[in-house]
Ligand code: BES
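There is one chain below, alone, in structure tokens, taken in the form predicted alone.
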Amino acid sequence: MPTIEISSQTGKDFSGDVLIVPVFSGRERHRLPLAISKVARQVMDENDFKADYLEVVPLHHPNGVKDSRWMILVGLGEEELVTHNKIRKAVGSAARSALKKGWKRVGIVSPSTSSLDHDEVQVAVLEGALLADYDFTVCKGEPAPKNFERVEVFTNGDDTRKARRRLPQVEAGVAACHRVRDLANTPAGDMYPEAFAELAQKLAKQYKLGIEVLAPEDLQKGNFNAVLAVGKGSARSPRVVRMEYKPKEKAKRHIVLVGKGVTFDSGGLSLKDAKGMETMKDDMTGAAVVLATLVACAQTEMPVAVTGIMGLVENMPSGTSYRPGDVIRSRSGKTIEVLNTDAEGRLVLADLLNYASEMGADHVVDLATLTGACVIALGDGVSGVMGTDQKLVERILDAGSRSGEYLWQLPLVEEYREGLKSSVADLKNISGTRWGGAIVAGLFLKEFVKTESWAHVDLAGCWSSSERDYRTSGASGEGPRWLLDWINS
């Protein structure tokens, strides 16, 4: 994490590699510090820069900026339409440009607008820069480029106290996002169930978190039969990790987070095609989000007790694989007819949700890259959420909106439950129809939840097919920031 400074100065005396200046379209540019507005006015008057949303223009040797060799103008669009997330993404786009240039000391002028709280704008500016400060390079032969060394935010006289107080939460949330990115981007040959569990143990020791790792023999004793079934085809045996964060004072409430951790999903005997397997190292993103969130809770000393349950398994085809037509007796005692071994995540979560329901939590939230149907419905930038507690769902939606990580509620349509009826078991793992797949998966999970307050998040937006704003191509890292916002609310 770079050194961070939030200053009430204008930025005209910034001494560093590049000064990022967000600009509204139209006459609002006069609100910039005079020495900086002259540069913006010149390029805008010449139509070289219109300040359209996400438009980025680098300028060399800007006149009047003391020691900065470069300035980057980035468009915010019309002031009437600006939001905190537009500011976050615009600054992120400019920061990505700066990172690629190898610039280490970055200054940012926080935009002035009467429509938004200035302290929230300052936080959005900082988050945009820090979220952009990432590249996954550990697998490349060349030396990895260095990240930012220093980030300074200039507020042009606005009070900085509230934003400064939020710095620890901002840094922890961004670090958690980067941790999820690292885990989900790591090749599955390196990040398999045992390796993930070992990393969780190291982090638990480092941050003083409670931890228990259930090996295959423990899973057999605990009747985690669905988890074991999914992992039968792989040479890498499954694990279930239970991690606990407890505040020093009496906890306000207890939350259980459940994460799907399929470290590679080939589809099993219901084999995916080659294209469908290219990104399946990310099928453990739910578990990665849970792990990163628990670490961030410890870093920020959350007043809430949080338990994380991570089901780690590899879904592979072999002579020992579970088969279409098999019937599994899950941990809850309910039997499941397997019609498609590529609908494996819900089987893992079935055992985990039953386990989580025994912990007496106020809320249980599971997170999983569960269905392609959710991606089709919402695209790769929005996650689906559904659950049994509408107040919980609304709080999650609000937290996502505040953090700029979009979630959308899907209904649990009870009539769709008919498609899960089986003639040989209590239910099937797929409905047999293409329609409403994300909802049907949610209804399947609901069968194994005993607690009243439960929400399921289908992480449809966890993988970005291309670079955009502060997101690189690959794992987006979304999840921990809105979870931390919700947990702390």
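Keep in mind that this is a model prediction, so the values were computed, not measured. All residue numbers are counted from 1 along the displayed sequence.
Below, we refer to the form predicted together with the named molecule, which is not included among the displayed structures.
Here the marked residues D283, N340 and A460 all reach the named molecule in the predicted complex, each with a heavy atom within 4.5 angstroms. With the named molecule left out of view, the stretch that reaches within 4.5 Å of it through heavy atoms in the predicted complex is, among 177 to 185, 365 to 373, 249 to 257, 383 to 391, 365 to 373. R346 is the sole member of R346, R96, R88, R331 with a non-hydrogen atom within 4.5 Å of the named molecule in the predicted complex. This chain lacks the partner; the member of I430, A425, L54, V57 within 4.5 angstroms of the named molecule in the predicted complex by a non-hydrogen atom is I430. D265 belongs to the set of residues with a heavy atom inside 4.5 Å of the named molecule in the predicted complex. Heavy atoms of K272 reach within 4.5 Å of the named molecule in the predicted complex, making it an interface residue.
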